[in-house]
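Okay, here we've got a single chain as structure tokens, the form predicted alone, with questions on binding and movement later.
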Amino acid sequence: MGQLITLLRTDLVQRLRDKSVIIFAVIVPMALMGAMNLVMGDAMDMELETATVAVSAPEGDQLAAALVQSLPEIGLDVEVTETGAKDVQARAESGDARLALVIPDGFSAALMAGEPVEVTAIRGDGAGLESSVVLAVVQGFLDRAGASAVATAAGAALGLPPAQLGGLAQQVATGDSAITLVSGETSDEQLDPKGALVAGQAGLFLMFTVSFGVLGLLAERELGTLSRLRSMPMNPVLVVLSKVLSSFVLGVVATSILLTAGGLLFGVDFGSPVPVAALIVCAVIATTSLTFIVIKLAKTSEQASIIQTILAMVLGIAGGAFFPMSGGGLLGTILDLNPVAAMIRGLGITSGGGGLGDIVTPVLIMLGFAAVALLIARVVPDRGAMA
């Protein structure tokens, strides 16, 4: 045990003296997070703004008036300005209104008769998602009014008395909608865009951080110090184990720094420290287990760098380091078994207030991944550093 601690301490000192560890484990991912935030910050912070709508509606038209009155009640902040038909397009083109609507004369009569009716919509400068929501509401109103006309015609064909036809039309036109819009927050088990960015980059660069142990082992082999260590009166396995443990320690420290600093810089709360720490440890165990495979495959540090980069990019991108990945069937199952995706999912649970009992599934996925990787490393022929 004393020999292992001595080797581990020596490895950590060497890694810290090597400035590349600090650069690639902390500085580079933080810089990348900042750059991505600058590039995509507006998209990640997207909030629905006030929808300014200029409307031209015929006077005395009941359905047109009902349509105009319904716009401010759709769940968004909608500012409606009624104006003349000639002024509507000018307001949209000048930017005074992000959306302009022109309701034609005879609007109610055409709808109730089941005849085609056209409401002209003009998108103004800066029209965004808010305008699309308003247009969807307008289309829904037209569909309901058209359905009312169809129901009236069907009732008349069935011989219903005129008094009942009016009530039927009113019921269809004013009934509760099957779809409603309500403001809400990000659901549990799902990080907001900035949180997903921080967690994803931490998971991606964790794959690179744990590779320094393997690179150190291969560097000692190339420098001739590995043969000296193996000739000492101790179990040769301790040499490999010290490198793996140094990777584990560096991974835990670097990931903790990234999540803490990223959370402070981007205003992300990942939840209680205890379950977050459990997720970090399990994620590091899962990624560090891959180093046993790399040790058996790579004969040089260049080969180890290539193998580790491939593993990091494949698992990182598939796990959602840059953008969310989803799929169904077998593909979805494979994506769910990714340790990076499991860590991000677990952080989403803790961010929503979950505790240790709520992150059992992500933890089991990461530990299961580690077990499979160790099993593969066990059966892979040793052609690498320790051969």
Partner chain sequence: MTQTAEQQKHTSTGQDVLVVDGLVRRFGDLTAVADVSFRIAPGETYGLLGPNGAGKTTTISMIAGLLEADEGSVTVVGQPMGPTKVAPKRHLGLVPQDLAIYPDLSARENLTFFGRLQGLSGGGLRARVAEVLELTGLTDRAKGPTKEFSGGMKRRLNIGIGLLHQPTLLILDEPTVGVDPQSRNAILESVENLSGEGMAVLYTTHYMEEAERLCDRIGIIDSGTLQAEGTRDELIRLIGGVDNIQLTAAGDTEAAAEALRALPPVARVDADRGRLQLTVHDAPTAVAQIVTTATASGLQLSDVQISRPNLESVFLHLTGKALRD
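Small disclaimer: the values here were computed from a predicted structure and weren't measured. Positions refer to the first chain, counted from 1.
Just so you know, the form predicted together with the partner chain exists too; it's not on screen, but the next bit is about it.
Candidate stretches 21-29, 375-383, 8-16, 362-370, one within 4.5 Å of the partner chain in the model of the complex by heavy atom: Of the options given, it is 8-16.
How about R123: is it within 4.5 Å of the partner chain in the model of the complex, going by heavy atoms? No.
Would R228 count as a contact of the partner chain in the model of the complex, using a 4.5 angstroms cut-off between non-hydrogen atoms? Heavy-atom contact with the partner chain at 4.5 Å: present for R228.
With heavy atoms only and a cut-off of 4.5 Å, decide whether E220 touches the partner chain in the model of the complex. Answer yes; at least one heavy atom of E220 falls within 4.5 Å of the partner chain in the model of the complex.
Verify the contact flag for G140: yes if a non-hydrogen atom of it lies within 4.5 Å of a non-hydrogen atom of the partner chain in the model of the complex, no if not. Flag for G140 set to no.
Please identify the residue among G224, G267, G84, P273 with any heavy atom within 4.5 Å of the partner chain in the model of the complex. Of the candidates G224, G267, G84, P273, G224 is the one lying within 4.5 Å of the partner chain in the model of the complex.
I need to confirm a contact call. Of L311, A136, A277, M234, which residue comes within 4.5 Å of the partner chain in the model of the complex, counting heavy atoms only? Answer to the contact question: M234.
Suppose contact means any heavy atom within 4.5 Å; which members of 263-287 contact the partner chain in the model of the complex? Not one residue comes within 4.5 Å of the partner.
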